[in-house]
Structures are given as C-alpha cells and as structure tokens.
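Two forms of the same protein chain are encoded below as structure tokens; each is given separately, as structure 1 and structure 2.
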Structure 1
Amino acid sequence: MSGPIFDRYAALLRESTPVALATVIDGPNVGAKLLIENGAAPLGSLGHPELDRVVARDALAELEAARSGIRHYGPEGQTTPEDLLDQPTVRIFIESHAPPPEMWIFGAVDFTAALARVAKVLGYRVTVFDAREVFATQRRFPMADEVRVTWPAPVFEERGAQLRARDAVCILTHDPKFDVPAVQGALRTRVGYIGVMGSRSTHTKRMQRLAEVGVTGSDDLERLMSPIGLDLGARTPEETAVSICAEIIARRTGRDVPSLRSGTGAIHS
C-alpha cells in the first residue's frame, strides 16, 4: 500500500504516536479512508465533508480510550435514528493505535475500588499504589490492572516519565507521609490531571506541608484539583468516582464546569 495516507500512517506507527484510521466497510465509497490524529487536520475522505467531520470527532474519542470498533452513520454523517430513516447505512471501522490512558490511584481506601471500576469503563489502565501490604492486594481491587505495594517516590522515579496529558493521577489518601510525596512526584510529570481527595481544611493543611518541602510555584499548585471532583453533590464512593472521572474529562476537553475546587464552604451539604 502506498499514498499520502499510508505514508503518514506508517510514520505515526513507527513513532508510536496515537493515530486512528477510519475505513468504509459497507455502504457508499467502500474502502474510502480517513486518517485522524490529535492536533492535525484529517487526511483523506470518506465521501462527504459532514461524514468526515463526524467520524473524525468520534475517532478522536475512540483514540482517547484506545478502542477500535465499527460505527454506523448515514452517508452525510447522520447519527440519530430519525435521520437514518430511508438512508443507506454506512458502516465504518475505526482502528485506534494508542496505548490506553493510565490512571494511577494512590491509597488503597474505600473510594479506590469504585474509582477503579469507573475508570476501567472509560478505558483506563488502572494501577493502585499503597505502602501498606495488608491493604494493597489484588483481592481487594480485582478490577485494577496492577496493585503495587510501594511508596510514591520510587514509583515516580521509575515510571513517572511515561505519564502524558491523557493520563491521570488520583491521590485518595490523607496520610501526609504518602500524599505529600505523591503530589510532589505527580507535579514533576507531564500528567494531564492531578486530583487530591480531602476537605477544604485538609487541603489547606496539605498546602502548608507542600510549602514546607518547597512546593510553592503557582503554576504547579494550579494543577492540583482539590477537593477532587465536580460539584455534583456526590456522597457514595460510586458517585464520587463518577464526579472525579467527569472532572478528568472536562479538564481534558477544556470545558468550564463546576469543580469542587472552585467552590466555597463544605463539600457535602
């Protein structure tokens, strides 16, 4: 195979750069292709500009979760059932090439299992870290891809460089021996989301401890989302997990949403 699409496709694969290739497998223009990558205009066409636009949008979402699959559209990008009436269906295979986004959860606490479950639904590879061997077990967190008994510093020294904008670090412990070094380590990476659990008063004390170890830069501290999650009125671990993941999505997409960090007063009414 040759041509601009395949040349670019091959180059991105060699560079391990996330890329998606959409191909019409049934309907008009069978075999037509559209190459989609973050930060660049799509290359190729599936036969109609609006179809190209909608598929490119959906392919970026699939790429974020490192998923491949078949999607159905109308020939001009229709997606709703009423718009597809009396229209030929176009079946498009979206093939994603990207590692799944990483979520590192620090603290083997009650909220951890719920957050790991929701994150897995969204396509994350989930790792749980805790220094307490009795709590950090695969039996407690069977949904996690990996459970490690360790302190934060060695983790970030060993693997912190691999974190990128698609990834998330969630610090759910209030133990200063654990959460302060976890925050320090996360701030040294390029991870896209750093969330830290705790009340406003807990976070104020945490900020004082961070200042004591030299973390004072406003740009660094601006990256911390604490209290963690959107202001949804969440109470249960599962509701809290949804609010955290919703905040991660909003931060990644640049949406202005009501985060708990931006509010005042008690986080639970």
Structure 2
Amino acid sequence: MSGPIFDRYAALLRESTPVALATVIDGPNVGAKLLIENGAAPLGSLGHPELDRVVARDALAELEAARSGIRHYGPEGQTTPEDLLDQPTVRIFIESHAPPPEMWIFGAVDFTAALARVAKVLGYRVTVFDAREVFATQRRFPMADEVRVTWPAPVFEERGAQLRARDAVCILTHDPKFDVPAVQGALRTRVGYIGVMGSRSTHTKRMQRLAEVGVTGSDDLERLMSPIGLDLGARTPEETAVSICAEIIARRTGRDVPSLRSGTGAIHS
C-alpha cells in the first residue's frame, strides 16, 4: 500500500502543482524518497539530513527547468570530486513534474493557427491574444488552450510574472498599435524567447517605434528575434510555424543556426 509520500505526490500531480520526487536508485538506502515542492518543507528522507538539504536545493532547480535525471552525491550530500573520493556514491533520480511551457501568441492572424498547432506538437500550453473580438474566437483556434480578447498591456500586467526561460512570446500582429505594447510587455518578463513577425521594412519601422518608446538597450534588443524565425525560406503558414519553433529550440540550446534576424535578404525567396 502507498504511504504519505505517494499520497501527497499523487494529490499534487492531480492538481498540476509543480513537484519533484527524489529517489535513491543506487547506494545506501535504495528506494528512499524525498518529495520537494516550492514553499513547503520536503517530505521524507534520503538517509542523511545534509543529503536531503542538498538534493532539495538541486531538485528545485531541476523543477524550474522541468528536467528529470540522475545526479550523484556522497552519502552525506557531498558534491565536489575531492569530497567524493573514497566515498560510496549515492545515485539519485530526480523526477520533475512541472506544468508545460507556455506559448503566448499575440495576433489572431493566418499564421496563428499553424503556429498553435506546431506548438501543441512540441508540448506547449498555447494562448492566443487579440483585441478584435471577431477574430479571437475559440472556433477559429480550436487547437489553442485558451483564446482571449484583450490588449497586450493588461495581459502582461496580470500574468507576465509567470513567464519563465522555457516559455515563448510570439507577436504576429504586424500592427504597431498592438505589437509595440506586446514587445514592451514581453521585455519586462523573464520569458526566454520573444519573436516578432514582419517583413524587413516592417521590422525597420517597428524598431524606430520601439526606440521612440524607449526600447533602446542592447540587452533588450538582443532578446528580440525580429523578423521572427529561422532563415529556412519558409512560405506557407505551416512552414513559417516550423521556422519559428525551430528558432525557439535553437535559442534554448544555444546552437548557431541562421536566424532571419541575422540576415538581410528577402524573407521569402
């Protein structure tokens, strides 16, 4: 029969609360468990208080990055190679249960449905935002998890703080009324990817407008992927969606692949 750790773990999973479960899979105390959640004392023990403390700290970082995997420690939580000499190794599996990454798409346009579909394949929770009631409907975007009729600023005020490095903001409106405040809002968050759609001339005008409202810092400009997407020669909305999602992956992994931002030629050749 299950005990208190599993029961708490199952309850947190059912309510989609982020949780990490650490299990000793090799070394002393095989099977020992520590359940780690944000803002609560860990439940259980891996066999030594110092090991519990170090693993709980690491597990919170793994949870933040939504990573699961094996880590190695000494029996008393040692982590440096010198401390681990002549010590039995404890192998611990840290299993992270984090909510899916978020993709916020601004603009209910032709490209939005294709991008939402590809993002769903990659496991994102997708929200579509547009101020125009006739376009921002769940019927047009059945693949989106949520469709909201709203201007960008209130969205970022209300829930911008929840965005993390693994989340993405894609601004597809082509309309300065909408994309300038969306870019400003996104830059105030910790979101890992900000892409803005538009031709090279739209991009040039947009950068002028952003400069007028004070977006001039090199850190801010380095974060903006504009024009959005990799330089794949994508034509259709579906191909463009793939080029955007591929750019998100490349930015996360730090791979050097040609983004449209770095080029100068025509976007659709």
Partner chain sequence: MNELLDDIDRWQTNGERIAIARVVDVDGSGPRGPGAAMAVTSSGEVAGSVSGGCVEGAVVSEALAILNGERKAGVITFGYSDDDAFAVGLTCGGTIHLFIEELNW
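Small disclaimer: the values here were computed from a predicted structure and weren't measured. For the two forms, the rigid core is made up of the largest set of C-alpha atoms that agree within 1.5 Å on superposition. Sequence positions of structure 1, starting at 1, serve as the residue numbers.
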Could you point me to the form predicted in complex with the partner chain, 1 or 2?
2
State, for the two-rigid-part motion between the two structures, whether A59 travels in the same part as M103.
no
What is the rotation of the smaller rigid part with respect to the larger, given in whole degrees, between the two structures?
81
Core-aligned CA shift between the two structures for S96 (Å):
4.4
Once the two forms are fitted on their rigid core, how many angstrom does the CA of I25 move between the two structures?
11.9
